[in-house]
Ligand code: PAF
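Below, in structure tokens: the form predicted on its own, a single chain.
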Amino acid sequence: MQVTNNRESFSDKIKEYKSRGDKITLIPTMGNLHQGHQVLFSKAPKNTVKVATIYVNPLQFTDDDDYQNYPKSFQTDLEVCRKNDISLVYAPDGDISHEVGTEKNIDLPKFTRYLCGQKREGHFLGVYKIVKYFFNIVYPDFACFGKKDFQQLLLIKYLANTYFPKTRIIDVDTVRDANKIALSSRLTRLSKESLSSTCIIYETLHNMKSELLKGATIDNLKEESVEYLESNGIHVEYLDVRSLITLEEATDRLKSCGIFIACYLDDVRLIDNIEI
């Protein structure tokens, strides 16, 4: 496995792979790698060169404290990459926003203004810029992204369809622990007590799905579910039933819909979703 923090050497290595006729799978990460990332690595098609990036992108953070406190474990991350047959790791040194943020007049799709986009102004613009930056260097044949960040996944698919039509996006199911908690790097910032409470998030989503399929009214169910979460110390930013295609709010017709949540525990922001 090779590791570089220099764009030129990274680009040269990619050109070397391509000159040999290798297919490349790109897995962008922000580090602090956990089992969810390892599943992303495992979904790379066989006989492709696996390339990972490790970079905490300041452009997608709306809270400087959140950015500064984002968990980092670089040496451990490299060991995880080695064990998962990553051939090349690109870990830019320092803040590369001056390289990434040069494109002007970017018009993102309407769905980026919902959910996390409504609450975190500029977040998806930052995601768009960094992923396009990496894609422009690699022009990957495949790229792996998780369904936990479903809104991000839709944006990546839009980006690929618009600018990188030869790149196939592989979406990967959310990885959960034994308590059905969606794995997240931010979980390491929770106290033990709060960590044990996170199972309530999935429990609530699962119960909502069951009740909706029985015919419950969306608005009433949302109100009851938010009250339940708040009474258990989980502050809800949003809890919505939305189309999996457009992210428009769902009516009582639930075909191709999902339940989406963003919430806070110990001032740590967590997101999750399930399909109905």
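Numbers for residues come from their place in the sequence shown, where the first is 1. Bear in mind the structure is a predicted one, so any value in this text is a computation, not a measurement.
What comes next is about the form predicted in complex with this ligand, which is not displayed.
J.: Taking this ligand as it sits in the predicted bound form, is Asp149 near enough to touch it, meaning that at least one heavy atom pair lies within 4.5 angstroms?
T.: Although this ligand is absent here, Asp149 would touch it in the predicted bound form, with heavy atoms inside 4.5 Å.
J.: Can you work out whether Val127 and this ligand are in contact in the predicted bound form, taking contact to mean some heavy atom pair no more than 4.5 Å apart?
T.: Answer yes; at least one heavy atom of Val127 falls within 4.5 Å of this ligand in the predicted bound form.
J.: Give a yes or no for Thr29: in the predicted bound form, does one of its heavy atoms lie within 4.5 Å of a heavy atom belonging to this ligand?
T.: Yes, Thr29 lies within 4.5 Å of this ligand in the predicted bound form.
J.: So in the predicted bound form, does Ala182 come within 4.5 Å of this ligand, heavy atom to heavy atom?
T.: Ala182: no, not in contact with this ligand in the predicted bound form.
J.: Choose one stretch from 127-135, 84-92, 201-209, 169-177: the one whose residues place a heavy atom within 4.5 angstroms of this ligand in the predicted bound form.
T.: This holds for exactly one stretch, 127-135.
J.: When you measure heavy atoms, are Asn57, Gln60 and Phe145 every one within 4.5 angstroms of this ligand in the predicted bound form?
T.: Yes: each residue has a heavy atom within 4.5 Å of the partner.
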